[in-house]
Ligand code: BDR
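In structure tokens, the next block holds one chain alone, the form predicted alone.
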Amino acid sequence: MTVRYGVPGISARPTWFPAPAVARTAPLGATKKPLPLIIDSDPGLDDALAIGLACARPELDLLAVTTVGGNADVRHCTENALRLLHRYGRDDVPVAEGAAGAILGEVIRAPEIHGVSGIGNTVLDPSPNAARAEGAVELIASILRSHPEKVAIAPVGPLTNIALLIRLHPELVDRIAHLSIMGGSIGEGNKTVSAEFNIYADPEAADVVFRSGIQITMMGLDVTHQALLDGAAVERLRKTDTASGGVAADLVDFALARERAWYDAPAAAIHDAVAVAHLAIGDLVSVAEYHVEVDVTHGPARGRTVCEGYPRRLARSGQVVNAQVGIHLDPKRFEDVLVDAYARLP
């Protein structure tokens, strides 16, 4: 029997090329020198967990949370950010509201997944703070200008605010240490067969970002679908005996109910927290190098992140690597990281 490429009976060259893992380029925070970080988000069940993770990890210095319309209306997202930070004991972190919808095209929302409010059935106490008047793009710009160090940004919603920042303030692009993005996919999408939700919600903005020359790590569905929490993880969160742990458990419970009803699946992916965790934990996520191009056409592939990692094709086309893409993480370790974070919060 012919055996080639590890498959009995197959002698043809496979068309799929799995790019190998490489050393990370993303900066890494440390307890003695925390990484300055802005989260741009559309909270969002998994966004809420990502924000809590950033608040809890001593390797990260959370400077601001900016909001964008996506999982819910941007007004809900802003209120969620304010209330979540209040619950997590971080009223010192400013919040600013950004774009309500995409630069071009229709407004995309996901109430069937996150609930109309964005955070399912969870009810949070009001924050004593209000959103900053200058708005998301100008708050990010002012932090980039004034901070003594370059600042990492974790965009875990549609990329509208980041694209506007690049277009309005090109002089500040080199003040961005890294973009750790949750979005896209090497393989299939989740909003459509081609496209992941965050990229599909504003493909033109994503195209601006991936063409910007900023160092990028893309945490797409290929790796975030490995970041799973199940019913046992919910119980671990409740047993932290913190109010924040209880909130996290409620959020995951809401996500699990959807997964059981739709897919008969026992676990839910906590996508956005992966992009934040990568900046705090050096060896949690394995990454590979790709040229990522966003499909901005209006056909069935709109919003797809076309990821080319095959060296011969890259050489022939003249394309160069513009992103590292997450390819693997340990689900059990990821669960431990989340539970530990929520045990540290109030």
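What you are looking at is a predicted structure, and each value in this text was computed from that prediction instead of being measured. Numbering starts at 1 and runs along the sequence shown.
Separately, the form predicted in complex with beta-D-ribofuranose (BDR) exists; it is not shown, and the next lines address it.
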query: Close approach of A96 to beta-D-ribofuranose (BDR) in the model of the complex, 4.5 Å, heavy atom; finding: no
query: Contact label in the model of the complex: I143 to beta-D-ribofuranose (BDR), heavy atom within 4.5 Å; finding: no
query: 4.5 Å heavy atom contact, L221 and beta-D-ribofuranose (BDR) in the model of the complex; finding: yes
query: Proximity of A163 to beta-D-ribofuranose (BDR) in the model of the complex, heavy atoms at 4.5 Å; finding: no
query: Contact assignment for beta-D-ribofuranose (BDR) in the model of the complex, among L251, A227, M182, I153, heavy atom within 4.5 Å; finding: M182
query: Stretch from 46-54, 285-293, 59-67, 308-316 whose residues place a heavy atom within 4.5 Å of beta-D-ribofuranose (BDR) in the model of the complex; finding: 46-54
query: Heavy atom contacts to beta-D-ribofuranose (BDR) in the model of the complex at 4.5 Å, residues of 264-286 in sequence order; finding: H271, D272
